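What follows is one chain in C-alpha cells, specifically the form predicted on its own.
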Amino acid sequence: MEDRIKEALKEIVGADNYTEQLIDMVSYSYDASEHHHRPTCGVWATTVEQISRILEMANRERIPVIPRGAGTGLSGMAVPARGGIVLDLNHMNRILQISIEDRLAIVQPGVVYADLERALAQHGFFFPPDPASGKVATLGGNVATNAGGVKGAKYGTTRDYVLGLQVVLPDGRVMRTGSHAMKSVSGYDLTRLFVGSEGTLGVVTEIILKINPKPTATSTSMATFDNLEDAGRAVSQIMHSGIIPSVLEILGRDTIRAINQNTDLNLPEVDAMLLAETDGYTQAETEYQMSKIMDIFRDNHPQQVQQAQSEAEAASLWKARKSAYAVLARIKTHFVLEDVTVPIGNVAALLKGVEEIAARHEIQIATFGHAGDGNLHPQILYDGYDPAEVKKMEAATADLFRLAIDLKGTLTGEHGIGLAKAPYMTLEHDAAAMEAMRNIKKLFDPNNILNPGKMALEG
C-alpha cells in the first residue's frame, strides 16, 4: 500500500486510530476459525462519515476493506484473505435509543450483545437471538452472519428482528433500509438482503432491532436415550405438539464421553441427551408446557427423565451443554466446529451419519447443538500438525456437507459461509442461484473491495 494511502487514512480517522503494528496485524489476521491472513493495516472508525470516506477512497484505489467486529466468527468471515484494510467497528459501540413504547432498540454495530441485554433487562425486555459468544460478540457481526443461538427454535434468528439498517455502500454512499415500524412491505426488502451478507455488500453502521418482553418464568428438564431414533422421534414430536420449547438442545455420545473425561459431571454415556426449557409469564404456564414435553420424552423409551426443581438444579442440568465447546476444544490441537442444519425430522439421521463419517475417516467428531431447529454442531477434532490428520479432517468435512445437503439441509444455520464453506456453495446452490448472488455482489460492489474472497462470489 502506498504511503499516500496510509497518510490519507490517518487524516480520516486520526493517527491514533490507524495501525500497522505487527501485534495488531497478527490479531487481525484470524478469527475463531482455522483460517488466517494478515492485512496491510487497520483503522478504528468512529463515525459514519469516516467510513464513507474510507470506502470511497478504497473503491477508487481498488483496495480491499474487511469490516470486523469481535472476531468470534467460525467461518473465516473476518479474515482479510486479500490483505488490505481491516475496518474495526468496535469503537462504534453506542446504544443510540431504547424505545419500549415502540418495541425497538437502535444500536451501532460495535455494541456487544451482552451489553444490549443488560440495558434491555432494566425495562423487562430482551433481544432473543442469543449466540454462544454473546458475552463478546458484536451486533454488527450478528447481522453479518444472521446469528442464531440456543433460543432459535422458538424465537428465530437475527434476521427476524432487524427492522432497518444504515449501510455505507462500497462507493461511500450512505443508504437507509427498512423503517422503525413493526411492518413494512415498501419496495424490495433490502434489509434482509444485508442481513447474512457477511460484509460483502456494505458496511452496517446502525441497526434498528425489534425487542421482546422478557419471560419471567422458566422450566428445565433433561432426558437421555440409548437409541438415536428414539431421541430424534422425541424432537420431532415435541416440535409439532403445539408446545414450542424456548430451548431444545442435544448432546451426542462422543460429546458426552469427552465431557466425562474432562470434568466431574459423570453423565450417563448414552447415544443422546436432550435438554429442554420452556418459558412464559407464570410458572404454571411453563410447567404445563414442560409436562407435555416430558410426556413425549417418556413415550420414546428414554433411559432417564429428570426435571429441575430449582434454579440450582436447572443450572446443573445446563452445565453439560454449556461446557461442550470448551471441553472439546482442549482434546486435540485443532478443531473445526460446523453448523450444518437439516429438517427437524432428519436430526437422528444426521447424528447417525456423522457417526458413520467419523468411523469411515478414523477421526473424532463430537456433536451437539440446537435440536429444536435442526441446527447441529459436529466438532471435528484433529492434530493440525499431522498432515495425515489434516487430510482426514478435510475429507470428513466434505462428507459432512454432502450429508447435510442429501438430508435436504444447508451448509450453515448460523455461522455463515466465509472462507471455510465457500468451496462447497455449489453443493447447495444451483448455477442460476450462484449467478444471481454474484450479480448482486457486482451490482453493489463492482470493484470487489468489500471482504473479497468470501462466499464463492467470484467464481
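One-based numbering along the sequence shown. Keep in mind the model is a prediction, meaning the values are calculated, not measured.
The protein also exists as the form predicted together with a small molecule; that form is not presented, and the subsequent description refers to it.
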query	finding
Candidate stretches 427 to 435, 398 to 406, 56 to 64, 414 to 422 - the one whose heavy atoms come within 4.5 Å of the small molecule in the model of the complex	414 to 422
Exercise: residue 141 in contact with the small molecule in the model of the complex, heavy atom 4.5 Å	yes
Residue contact check: residue 48 to the small molecule in the model of the complex, 4.5 Å heavy atom	no
Distance check, residue 202 to the small molecule in the model of the complex, heavy atom within 4.5 Å	yes
Partner contact for residue 353 in the model of the complex: the small molecule, 4.5 angstroms, heavy atom	no
277, 373, 198, 338 - the one with a heavy atom within 4.5 Å of the small molecule in the model of the complex	198
The single option of 80, 148, 245, 232 touching the small molecule in the model of the complex, heavy atom within 4.5 Å	148
Contact check for 252, 327 and 378 against the small molecule in the model of the complex, heavy atom at 4.5 Å	no
